[in-house]
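Below you will find one chain, with nothing else, as structure tokens; this is the form predicted on its own, and questions on how it binds or moves follow later.
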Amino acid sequence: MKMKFKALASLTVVAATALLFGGCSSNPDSPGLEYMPDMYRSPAIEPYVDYGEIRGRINESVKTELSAMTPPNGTIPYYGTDSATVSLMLPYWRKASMAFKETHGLYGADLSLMDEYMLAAADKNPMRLTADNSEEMLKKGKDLYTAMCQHCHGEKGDGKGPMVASGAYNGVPNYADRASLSDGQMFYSIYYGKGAMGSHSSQLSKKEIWTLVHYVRKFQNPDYGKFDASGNQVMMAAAADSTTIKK
């Protein structure tokens, strides 16, 4: 009986040792042998996880697919409880014109048969520029412009950015020649794209785009955003207007 017990104990030790060392790996990225991995690895779909390669198994059919599901049309992130901010960040109520489906890749978007760009001429910038917020807003606008626009439109807004100088693009306008455009048309152009410029709606929020519109006005009028001692703006751009009509 003792012999059998010793033999069984020896086999158990050997099996445990083999299991222990067999679960190790020289690969520093490998967790080794996992015991019940579903207890600490979520089986649910997680955003930004490459499900084309899971635990060493490759599935080429899904390697290029997004794991995150597309949010329902018209939904927005949570922006708090401030009604002005929430109203500003609601989905853009103007639609892209039908032609944008082919020229700007807006597949699956709600499109309009009307010339929404011309209708946008009546839209005003809901972000009012004042003596108190002008400096901060224009600084934010400059940061956004440097990151998102300068490579094509140029540091001075003259349409001579590095991408244009390299010959990759041409036909980028000089902002000084576009002073007659309304705030709404400038917003529409950035949001949906215009000419060779693609849509920036996935890269910039509505608040950021309206901030950019203010900064672009500086290229058209150096005095834009300056206020006198009474708090009155020194000079408005020709078509600029900070009165809110609709967001």
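Being a predicted model, the structure only gives us computed values, none of them experimental. Start at 1 and count along the sequence shown; that's the residue number.
Form predicted in complex with heme C (HEC): not shown, discussed below.
- Exactly one listed residue, out of G167, G171, P72, G80, brings a non-hydrogen atom to within 4.5 Å of heme C (HEC) in the model of the complex: G171.
- Mapping the unseen interface onto this chain, V62 falls outside it, with no heavy atom inside 4.5 Å of heme C (HEC) in the model of the complex.
- A96 falls outside the set of residues with a heavy atom inside 4.5 Å of heme C (HEC) in the model of the complex.
- Although the partner is absent from this view, K218 stays clear of heme C (HEC) in the model of the complex, with no non-hydrogen atom inside 4.5 angstroms.
- Contact annotation for G195: at least one heavy atom lies within 4.5 Å of heme C (HEC) in the model of the complex.
- Within 4.5 Å of heme C (HEC) in the model of the complex, a heavy atom is found for not a single one of Y92, A120 and R128.
- Annotation for 184 to 201: interface residues with heme C (HEC) in the model of the complex are Q185, M186, S189, I190, K194, G195, A196, M197, H200 [heavy atom within 4.5 Å].
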